[in-house]
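Shown here is one chain on its own, the form predicted alone, set out as structure tokens.
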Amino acid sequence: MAKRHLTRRQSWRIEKIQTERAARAERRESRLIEELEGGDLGPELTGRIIAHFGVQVDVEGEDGQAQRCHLRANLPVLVTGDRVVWRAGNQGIGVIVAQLPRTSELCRPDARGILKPVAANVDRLVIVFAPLPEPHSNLIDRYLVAAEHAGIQPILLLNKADLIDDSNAERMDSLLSIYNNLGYPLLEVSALNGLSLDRLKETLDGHISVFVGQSGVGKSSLVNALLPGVDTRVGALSEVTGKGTHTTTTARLFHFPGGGDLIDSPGIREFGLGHVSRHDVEAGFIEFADLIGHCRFRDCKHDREPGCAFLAAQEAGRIHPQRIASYRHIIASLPEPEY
């Protein structure tokens, strides 16, 4: 069935209703904050956001206890992993009063192109993919660019390795070889049968990691396998599309018994890079490092130009054709620069 297109007036009315609803919700939250701050608030404490629920968050204090808190309207956008200053309320709900500086942040533009943080203060970006749903190298490459841009160590994690068979082994081997040859850390695990989970735990211990990837690749299953008793919700692949269904709706932070933390983020099918420049994208493809600036023309698009160092490297077998194609796809998706 074809999608029904909205008229300009219908679109305007929908946007007007959504704006009015948002304004009413903000007024309710402002009144609630005023009531809380009108009572007795405890002293200022430091803590870390371990889950986010719109206008409320769960904050873990230095004593390890969690407290539901409201966000003051004058604060920037806060996400799981943020360290904050908060005050406990006398009604069991506290108030976030300040954000502490971030050591790192993973960001992506939302559907309207507005840059939003995804997770804060992480040092490992674990890119989870699987034989099913079919992995897309361009999505993996987008995460790698984002990791390089944010200064976060990327780790590639093939989950559901037990699903590799004669029908997909060649395709998966080809994909894995690209990143193995580039030297990226790559683990093959299975949340179902426990394959290499001990090695994964060793890799994550002592670090603050965030799981990212498509819906349906088994991120929640991995959390359950790594942290028995957490029991995050697990969804099946759609029988119609073969794609994953969203089961994680908010990013949550979990603690490993031996030290280190893990943030499980909602699955996505696209990861926009509208917040980075062409130079940032080139820097995110690590095999391009010694080629940048060596093309004949300064404005070389690395497409068909004569004297292109990138194309020469591809012909010499130093750059995989899939990576060049992925680079061009990302560059084409970037917004036009404003002058």
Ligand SMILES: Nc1nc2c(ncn2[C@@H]2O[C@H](COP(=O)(O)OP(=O)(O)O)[C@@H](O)[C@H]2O)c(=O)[nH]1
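A residue's number is simply how far along the shown sequence it sits, counting from 1. From a predicted model like this one, the values you see are computed outputs, not experimental measurements.
The same protein also exists as the form predicted in complex with the named molecule; that form is not shown, yet it is the one meant from here on.
In the predicted bound form, the named molecule sits within 4.5 Å of a heavy atom belonging to Ala191. Taking the partner from elsewhere, Val217 is found to have a heavy atom lying within 4.5 Å of the named molecule in the predicted bound form. Contact between Ser209 and the named molecule in the predicted bound form is not found at the 4.5 Å heavy atom cutoff. Proximity of Thr203 to the named molecule in the predicted bound form: non-hydrogen atoms within 4.5 Å are absent; the residue sits far from the partner. Proximity to the named molecule in the predicted bound form, taken as heavy atoms within 4.5 Å, picks out 218 to 226 from the listed stretches 147 to 155, 77 to 85, 218 to 226, 105 to 113. Only one of Leu163, Leu100, Ile93, Val230 lies close to the named molecule in the predicted bound form, with a heavy atom inside 4.5 Å, and it is Leu163.
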